[in-house]
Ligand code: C2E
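Encoded as structure tokens, the following chain is the form predicted on its own, with no partner shown.
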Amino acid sequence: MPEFISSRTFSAGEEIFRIGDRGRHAYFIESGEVEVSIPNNEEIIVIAELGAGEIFGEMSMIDDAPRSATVTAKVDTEVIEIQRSRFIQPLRSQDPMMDLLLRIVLARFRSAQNQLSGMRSTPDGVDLSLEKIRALAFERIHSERDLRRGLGAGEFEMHYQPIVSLDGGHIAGFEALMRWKKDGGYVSPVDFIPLAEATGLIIELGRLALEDALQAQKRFFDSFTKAFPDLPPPFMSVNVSGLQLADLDEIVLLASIIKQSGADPATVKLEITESLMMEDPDHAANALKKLKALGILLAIDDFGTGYSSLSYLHQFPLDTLKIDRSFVVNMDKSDSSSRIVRSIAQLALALEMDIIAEGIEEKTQMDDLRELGCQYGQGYYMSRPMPADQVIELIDTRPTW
């Protein structure tokens, strides 16, 4: 895994870079203080003194021009070093026009800087919004570094939540859910999944999730066939990110992971959010067809929470529709939620799709969903997500609901 972010310490008086050097990094000051200077005839003019929370060398993130100033550590200084490739490659590949505009702006800024190089700014004009942006940038960069470190250290693990057949009351499958074990506790997926999406690390996490889940499925299968010899083997549902499907080559890699696992593709279910499919329906249809050609099952996740179009829904080769927990938990408290669940169930049945209802927390909810024709359900009423070893212990008890 390439290291785009690292920490470095510079001693007092040490030059971090010199004017004219090739710029390949930007720096966030974690502690200490630096001095930014330029030559003016035979003098050295200090144009800025920066401390903790400040950024320098940021122009190298956009163009290849040499450094326009020298930066020296005034005291022992620790910085976070950000590689240029962390930003410039995604920028160029995703939005060439934005890349061009930034380069034009930067060229004009450099021209103005050269004309005003003898002037020094004062703190009087500090823009508070800029300070907020700076603080957010620091928070983001620390979080991203933590995420990369955690991935390299093997801190991410899979937990599994049983998916129950509402008709028979037995386990029919599992959903693989990633957990980040850090500092003796767990980081909520609500916190780290959006960051992983934004940084692109979700691709690596997605591969890890699929590999680990399919290895766990083998263990579950052995225990399941002993406990329930007359039932079909349980399926394994794994969430897939939009970034994984954005590049069709990634689907080839997913296919390789499934093949190498030895799993029966018919017991592998990939879950895709509806927003992914609606953002680019044509690409989504192509990607899903390639996945479907592997012989796997496909589910649309969190249905009803996005902006799905019924005119597109029938074009996708989907097997399962998952009703979002926000509707299920409010079924007996809100008439509108109850009507939404009923409508979604009727839609899925009309499209000959299986239904999985998420977020079942009470027996009455499970009973109501049974009456609506939902085939499967999951939620805390049946079981919370748990590590693989605990899943095997649960299977051995032959649970039914």
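Everything numeric here is computed off the predicted structure, so don't read it as measured data. Don't overthink the numbering: it's just position in the shown sequence, from 1.
Although not depicted, the form predicted together with the ligand is the subject of the following passage.
Is the ligand in the predicted bound form near all of 214, 233 and 319, within 4.5 Å of a heavy atom of each? No, none of the three is in contact.
Have a look at 336-344, 29-37, 352-360, 47-55 and name the one stretch with heavy atoms inside 4.5 Å of the ligand in the predicted bound form. Of the options, only 352-360 has residues within 4.5 Å of the partner.
Considering non-hydrogen atoms and a 4.5 Å limit, does the ligand approach residue 188 in the predicted bound form? Within the cut-off, so yes.
With the partner left out of view, is residue 177 within 4.5 angstroms of the ligand in the predicted bound form by any non-hydrogen atom? Taking the distances in the predicted bound form, the answer for residue 177 is yes, it comes within 4.5 Å of the ligand.
Given that the ligand is not shown alongside this chain, does residue 385 nevertheless sit within 4.5 Å of it in the predicted bound form, heavy atom to heavy atom? Yes, residue 385 lies within 4.5 Å of the ligand in the predicted bound form.
Contact flag, residue 267 vs the ligand in the predicted bound form, heavy atom cut 4.5 Å: It does not: once the ligand is placed as it appears in the predicted bound form, residue 267 has no heavy atom within 4.5 Å of it.
Using heavy atoms only and a 4.5 Å cut-off, determine which of 170, 292, 325, 148 is in contact with the ligand in the predicted bound form. It is 325 that has a heavy atom within 4.5 Å of the partner.
Tell me, which of 261, 330, 199, 161 has a heavy atom within 4.5 angstroms of the ligand in the predicted bound form? Selected option: 161.
Need the contact residues for 13-38: heavy atom within 4.5 Å of the ligand in the predicted bound form, sequence order, or none if there are none. Counting only heavy atoms within 4.5 Å of the ligand in the predicted bound form, no residue of 13-38 makes contact.
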